[in-house]
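Here you get one chain, nothing else, as structure tokens; it is the form predicted on its own.
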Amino acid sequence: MSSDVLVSATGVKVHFPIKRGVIFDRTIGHVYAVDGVDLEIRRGETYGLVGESGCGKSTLGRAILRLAEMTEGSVVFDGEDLAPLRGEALRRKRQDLQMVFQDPLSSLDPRQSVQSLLVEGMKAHGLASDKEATSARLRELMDAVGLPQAALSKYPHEFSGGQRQRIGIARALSVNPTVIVADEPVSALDVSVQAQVINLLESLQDALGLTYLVIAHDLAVVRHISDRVGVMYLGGLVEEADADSLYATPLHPYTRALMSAVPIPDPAVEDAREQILLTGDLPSPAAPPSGCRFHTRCPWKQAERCDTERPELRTVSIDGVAAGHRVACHFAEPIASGEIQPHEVRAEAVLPFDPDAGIGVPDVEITP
């Protein structure tokens, strides 16, 4: 894998306004879907992005492709900043940046045949001028994703979920992209079909030199396919490392909780390992907590900094931890050494956004 950085996102924020009014809308707040994310994707690698539902990982993937407008920040692709691109310049750049959507059925036009779906993108980027060459390209795409050529004349509803996902992959490949953002590419599929699609993505990457950003919540899938993994929580990146390092030595308290939730098919190991059960609900992205976003549920929370100062994603130097391991935690080193021990967390009521005040309702402590 090359160390050449192909995609660099810096300070990416995506805030959706909360509006109120009948005749004249007024903005009374924002949903902080993505709130300051820095990441780099190297040429030819697979970057896995994980986190629970609602953490902003899909919005971040769309922002990188300019399918969701950034409130702030920049995305540099192969040395060119995508943020200022508009109109025709942005449309041309989309040839290099494609997406495989989460729901393969809703992302495919039911009124178009597979051939029409594939040719549409090729025509948009001037890749279907020769009829014979286009026909050969379509057959090549069907072979690449493991579908028969007869599938070109069929419609999306005539296929299974796994086959529709393969059609979505073929559509992304049809314009010869450099980067593919795969948003939950296997979450809606059976386990056996998941393995087929994952193996297909890996074989296509080896054959075509593709770069992937794979968004998922299945930790086993991410570990299998990814070179590096980033963990998101409530709009921010809390940890990033090589896949092996992250799974062997998770440092952020949230990542440790995620890893402890993955079942191990060995009763002795399962009973002996650390199990972290998080207390409380995920805070609202319209009123995120001050300081560290995770401090309301963190068993290692410290009074002096966690609830007032938001930690930066920084590289740590800890014995036994691979170089380049980054974590957004003020106390990552003393937690890893055991100097700081976990304590009981009292549940806090997560109340809805208050539109009259324009801010979140203050948390109320509740005894579990």
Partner chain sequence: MNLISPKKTRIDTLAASVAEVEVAEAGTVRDTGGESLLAGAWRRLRRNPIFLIGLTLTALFVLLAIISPWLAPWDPAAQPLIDKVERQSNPVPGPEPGFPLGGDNRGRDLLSRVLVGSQQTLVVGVLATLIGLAGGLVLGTLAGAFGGWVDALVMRIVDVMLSIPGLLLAFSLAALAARPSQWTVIIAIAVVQIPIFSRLLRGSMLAQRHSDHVLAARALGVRPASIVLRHMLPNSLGPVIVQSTLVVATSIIDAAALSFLGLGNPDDRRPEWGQMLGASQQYLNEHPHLAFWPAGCIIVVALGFTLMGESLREALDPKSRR
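None of the values given here were measured: they were computed from a predicted structure. Residue numbers count along the first chain shown, from 1.
If you look for the form predicted in complex with the partner chain, you will not find it shown, but the lines that follow are about it.
- Residue in contact with the partner chain in the predicted complex (any heavy atom within 4.5 Å), chosen from C298, L138, V75, L97: L97.
- Shown alone here, H30 lies farther than 4.5 Å from the partner chain in the predicted complex, counting heavy atoms only.
- Using a 4.5 angstroms limit between non-hydrogen atoms, Q163 touches the partner chain in the predicted complex.
- At a distance threshold of 4.5 angstroms between non-hydrogen atoms, A89 is out of contact with the partner chain in the predicted complex.
- Contact check for S153: a heavy atom falls within 4.5 Å of the partner chain in the predicted complex.
- Annotated contact segment (heavy atom within 4.5 Å of the partner chain in the predicted complex): 59-67, selected among 59-67, 334-342, 317-325, 30-38.
- Contacts of stretch 94-122 with the partner chain in the predicted complex, defined by any heavy atom lying within 4.5 Å, are made by R94, L97, Q98, M99, F101, D103, S106, S107, L108, D109, P110, R111, Q112, S116, L117, E120, G121, listed in sequence order.
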